[in-house]
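In structure tokens, one chain follows: the form predicted on its own.
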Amino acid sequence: MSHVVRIGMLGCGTVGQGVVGILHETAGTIERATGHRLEIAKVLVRDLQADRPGLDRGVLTTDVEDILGDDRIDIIIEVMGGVEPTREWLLRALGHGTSVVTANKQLLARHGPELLAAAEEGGSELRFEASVCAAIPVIKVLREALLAAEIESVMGIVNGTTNYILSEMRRSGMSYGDALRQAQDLGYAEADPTEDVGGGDAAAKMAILSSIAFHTRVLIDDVPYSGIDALQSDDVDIAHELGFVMKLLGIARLVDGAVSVRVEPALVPGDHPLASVGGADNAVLLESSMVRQIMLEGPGAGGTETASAVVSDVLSIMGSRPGSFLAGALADAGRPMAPEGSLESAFYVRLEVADQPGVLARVSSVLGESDVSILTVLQRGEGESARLVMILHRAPEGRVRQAIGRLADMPEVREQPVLITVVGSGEAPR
């Protein structure tokens, strides 16, 4: 019989509604894998009349006491933001033994040690994966997988807004102002982008990451930072000419046993792992003499991505039933295997053919009859033979292989065709 876990939520904006959606969509999988059934008991909101899909109006409240004062609530999810009164509310919950999941980086960067102490005293748990890099599980990796790895350095692109702006300045030669406006139009930057472009957002995240990585207490006031708002496009262009890429980096290192943390624009060599991280993505590079380098990369912002990290923390707090590691791995064991050849992909094809007029047209005709189209083609003559190299548009693998079999039977084709899957550049398998 499943155990009911009652959830109280503080806030229900973009991230909160994402959490609600994920919990509804994955309820069956969670219950099968963990033996727990999640129930959203109460949600603190400002407006009771606003439409919130997936939530019964009966669980909505404007009184925080309906959550903090309810001893039946097992876990509180905080996605409302702000420092006060959020700090006071979470201290109270943790002190009373109610575990908390939060995405509030500014609160943690200023009062993390105080909140952790309250959790220890109250016998509760405080989880905050969503406070740094959204869906990238860097905190979980540091706290669990690499707990004993003696991390020596944490370096990362931890702000998607600035990474997008710098990527566009380098890619298209935009000015800082134009790139910022484009980021705002696309929703990557707030109307007031000061915290992002000035480096404050990244500094808060680096305070949290360095605290976990080095098992110490680092607050945002311990992190000197500067942003990209004073950068000129000339600097970005010159860096590119010299073989470097401009990035806003958070850099935390152990120096003779002491902790050094800072956030600043920096030049990254073109062959460095962080150089290729573009757009609004985040990436964190962890270094240790035990594991050398590990890089975690992915979307560092977004309502659904952040909500995913919140739900992951909830599941970690809940624990699991005995033997659930295997049960979780096989929770959806009834899913069928996809039919062979059903995967869609782009493909590289190389043909060695007789150098005769009309061969390419006949090859194209065979592919077209199989509903396979050519994206690009390269033809080179080599005496009495010619080499055709084609990149095919996305199509089911089985259909492509059938077409290649027909090509192999053509009298003009002199060798077995070569077929290789193409990934990347918008042509990745799905």
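From a predicted model like this one, the values you see are computed outputs, not experimental measurements. Position 1 is the first residue in the sequence shown; the rest follow in order.
This protein has a second form, the form predicted in complex with a small molecule, left out of what is shown; the following refers to that one.
Of the heavy atoms in Arg46, some are within 4.5 Å of the small molecule in the predicted complex. Interface membership of Ser210, defined by any non-hydrogen atom within 4.5 Å of the small molecule in the predicted complex, is ruled out. Taking non-hydrogen atoms only, Arg52 approaches the small molecule to within 4.5 angstroms in the predicted complex. Proximity of Ile294 to the small molecule in the predicted complex: non-hydrogen atoms within 4.5 Å are absent; the residue sits far from the partner. Residues of just one listed stretch (264-272, 176-184, 301-309, 278-286) have heavy atoms within 4.5 Å of the small molecule in the predicted complex: 301-309. Shown without its partner, this chain lists Ser167, Ser99, Asn104, Thr161 as candidates; in the predicted complex, only Asn104 has a non-hydrogen atom within 4.5 angstroms of the small molecule. Think of it this way: in the predicted complex, the small molecule has a heavy atom of just one of Ala252, Val79, Met246, Val349 within 4.5 Å, and the residue is Val79.
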